[in-house]
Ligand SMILES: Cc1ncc(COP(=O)(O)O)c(C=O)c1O
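Here's a solo chain for you in structure tokens, the form predicted alone.
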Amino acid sequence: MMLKRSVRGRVHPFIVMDVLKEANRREAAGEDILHLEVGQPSTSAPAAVIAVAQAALGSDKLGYTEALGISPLRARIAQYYSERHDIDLAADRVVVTTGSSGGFMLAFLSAFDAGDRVALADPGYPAYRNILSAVGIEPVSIQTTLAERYQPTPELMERTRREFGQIDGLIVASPANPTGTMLRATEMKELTSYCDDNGIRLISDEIYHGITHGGVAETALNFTDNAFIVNSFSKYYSMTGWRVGWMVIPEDLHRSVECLAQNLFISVPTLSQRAACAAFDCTEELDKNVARYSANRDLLLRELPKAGFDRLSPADGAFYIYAEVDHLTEDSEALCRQLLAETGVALAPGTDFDRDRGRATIRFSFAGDTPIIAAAAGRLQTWWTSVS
């Protein structure tokens, strides 16, 4: 007899992880691979964070914490909003999460029911869509273009509502993955006002705050108290494997989030929470990383057109450049496989981020060391010379 299998598990794969697996296989076989596929800082956690963790290992039994996080970390996160954004935030509205992924799960489950519709920009981070689908919420694509800087607008939301009907939520990301574009203050204010006026719950992904290249990353918290603000220690703070992030939550959903967190996660790893308290005092070390990302960005924006990649996103923040490559291929996955095999450069196909149009786009991650980024650009230029 065939045993039942849940439809929840039939979500699309996170293709970049498949690319990483193949790149690692080739690397283990002795090939010289340059990793521009995964959005992960090449640096370790700040020295002070590691020191706190080492001390905690010797002095703390590292038992469970409260489901919403330890009080010192929640208070320090609230202080961050005062220091960075001049916002007086009660620590009670801060929830420590198992990375931003845990935050999205709590936000989706507390705010939406099965069958609700949540809009999100394409191209966008694939896990939004996949998590929504897994919990029975309908993801609704907003097809953005470079003309909108790949960001949703009230006008695009109106068009989406005319096409699909009731929209219950909207996810925005600024800086965004995969495009690196940001919403300016006026644009963020317009979107938050639109959502509040139309009963749409906003989820603002702000995990790349701190990594900007000339502009300022605006938080939706400056314009509304009804949104979920999702952030993480993974990107700017260079703590991907520590699996710790945070949310600022709407007051009306506080108890719902707490009960869900208790049952789904019990608590975020205690060691990571203890160590994360020190991360906010490491900005001098971390801003050096950002300076390197900016140098990498400038290098790629200058050199990629010489390799045939000449239609590029502005990359205002984060560590990604999104390239339109329909003049090169109608199958970005095949092109990425070809480039990996022929140049040793691992890239992410756009099908991860935009199922309808991603076969004509590629994402470059410039989170690595500058010599690696420069070498990758050189290999791609050599490849372009051989095929053009």
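Sequential numbering from 1, following the sequence displayed. Note that the structure is predicted; figures quoted are calculated from it, not measured.
The protein also exists as the form predicted together with this ligand; that form is not presented, and the subsequent description refers to it.
Novice: Looking at the partner-bound form in the predicted complex, is Arg297 within 4.5 Å of this ligand by any heavy atom?
Specialist: Flag for Arg297 set to no.
Novice: Would Tyr125 count as touching this ligand in the predicted complex under a 4.5 Å heavy atom rule?
Specialist: Heavy-atom contact with this ligand at 4.5 Å: present for Tyr125.
Novice: Even though the partner isn't displayed, in the predicted complex is Ile77 close enough to this ligand, meaning a heavy atom within 4.5 Å?
Specialist: It does not: once this ligand is placed as it appears in the predicted complex, Ile77 has no heavy atom within 4.5 Å of it.
Novice: Is there a non-hydrogen atom of Gly210 within 4.5 angstroms of a non-hydrogen atom of this ligand in the predicted complex?
Specialist: Outside the cut-off, so no.
Novice: Could you spot which one of Ser313, Gln273, Ser100, Thr192 gets a heavy atom to within 4.5 Å of this ligand in the predicted complex?
Specialist: So the residue touching this ligand in the predicted complex, by this definition, is Ser100.
Novice: Of the options Thr224, Gln151, Ser234, Ser267, which one has a non-hydrogen atom that comes within 4.5 Å of this ligand in the predicted complex?
Specialist: Contact with this ligand in the predicted complex is made by Ser234 alone.
Novice: Can you tell me which of 284-292, 249-257, 100-108, 136-144 lies within 4.5 Å of this ligand in the predicted complex, counting heavy atoms only?
Specialist: Stretch with heavy atoms near the partner: 100-108.
Novice: For a quick test of understanding: in the predicted complex, does each of Asn177, Asp205 and Tyr320 have a heavy atom within 4.5 Å of this ligand?
Specialist: Per the other structure, all of Asn177, Asp205 and Tyr320 touch this ligand.
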